[in-house]
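Below you'll find only one chain, the form predicted alone, shown as structure tokens.
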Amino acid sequence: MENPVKGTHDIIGSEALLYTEIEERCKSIAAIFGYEEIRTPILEHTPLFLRSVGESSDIVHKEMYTFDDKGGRSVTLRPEMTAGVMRSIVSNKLYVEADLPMKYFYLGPCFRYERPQAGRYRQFHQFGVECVGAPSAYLDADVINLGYHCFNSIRVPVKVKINSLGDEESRNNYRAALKEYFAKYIDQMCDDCKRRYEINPLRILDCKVPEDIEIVIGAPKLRDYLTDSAKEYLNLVISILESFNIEAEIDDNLVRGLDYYTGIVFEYHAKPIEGLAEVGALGGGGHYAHLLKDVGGPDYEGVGMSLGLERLFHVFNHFNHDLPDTFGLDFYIMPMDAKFVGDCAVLMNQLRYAGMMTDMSFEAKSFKSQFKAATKKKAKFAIIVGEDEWKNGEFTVKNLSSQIQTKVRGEEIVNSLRTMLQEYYEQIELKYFEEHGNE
């Protein structure tokens, strides 16, 4: 029997339902913030990532799935989606007629050859946004705010970590200071750090080797090399976030893993959860000054962020949310006699057209077996159609959580069920806020 490729997994059942819910909520938040969807190919020409992601990054150096196609062209399964969005803006000349800033959101699979671990796969999914063409501290803060709202929407409490890579003068001075500091230790550090030392010493700060981390701790801090204007910009972004009731913690070692970032960089980290080991950043992003130009477009600055859905799902599973109450079917129709199957099918179709998730038993099975099916499908209500209901022109509707039964007249069925469903969700929200408040 074939197993999935290492580092990939099947998303099925309640897990698939939850992925869909997370995706829809994130897409809804992006739309509220004025972003439109963009879909780019999974496969891109390899030089796109060499130019954008950067040769000093681990992604380019050892994580990309790259191969030659039948025409001898080097192509790569996208390891991230920002570069593809920039390429699409240039290929389609979206910057010619677009109002600035251009604002796009995306959702889809990416591929990186790395060690599989909890919440991290070789095929994974990203949701993210890019805001290009109107550099502003307010837009940087607004993108951070958008991601924060996504986490709030799915009730995962996070803290924002932020840093500044500074302007060009800041980065040049800092690189020189890092090279001077690490020169004393580089011979005893890992091969990756040796490579990073030559290409981009800022990447050394991202090293995960325990012995090297001890050396990194003593490295110069970027904040000591920021120009006054870079410091003012970082403080302005933080103050804007505070006005949005978002507290941002400065992390001196936060540099992100992509070479195109300049200026503001940030990450979202889950707040401590009992029983859950530290999983690192659930998402992040930053400002980029020249990325669009680097892939052949105009010299527009931008800012973006992305969330890893697998890691997000991994964390979400450690919260006692109402998965059985908020996912699955709205209604499951149960005919108690074969002669009612046809009418139940008509009712099912009416409810579906009214936007209610509905299924039914197409056989007149026992109460026990049909209730078992309704429970398995996580239905919120069961609609029972038996001899008494048929004679009286009404339906018995049972709330499968409270076990309360209600009689509903046939001519009022659609509106009545819509009202019942709305009240059900209101009770779920009320219960949540009573238990958790505004945490």
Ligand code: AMP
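Counting begins at 1, following the sequence as shown. On a predicted model such as this, the values are computed, not experimentally measured, just so you know.
This protein has a second form, the form predicted in complex with adenosine monophosphate (AMP), left out of what is shown; the following refers to that one.
You can rule out all but one of 346-354, 138-146, 84-92, 280-288: in the predicted bound form, only 280-288 has residues with a heavy atom within 4.5 Å of adenosine monophosphate (AMP). Interface residue among 311, 195, 161, 171, judged by heavy atoms within 4.5 Å of adenosine monophosphate (AMP) in the predicted bound form: 311. Of the residues given (361, 76, 126, 262), 126 alone sits with a heavy atom within 4.5 Å of adenosine monophosphate (AMP) in the predicted bound form.
For residue 132, no non-hydrogen atom is located within 4.5 Å of adenosine monophosphate (AMP) in the predicted bound form, even though that partner is not displayed. Adenosine monophosphate (AMP) in the predicted bound form comes within 4.5 Å of no heavy atom belonging to residue 200. Taking non-hydrogen atoms only, residue 121 approaches adenosine monophosphate (AMP) to within 4.5 angstroms in the predicted bound form. In the predicted bound form, residue 114 approaches adenosine monophosphate (AMP) with a heavy atom inside 4.5 Å.
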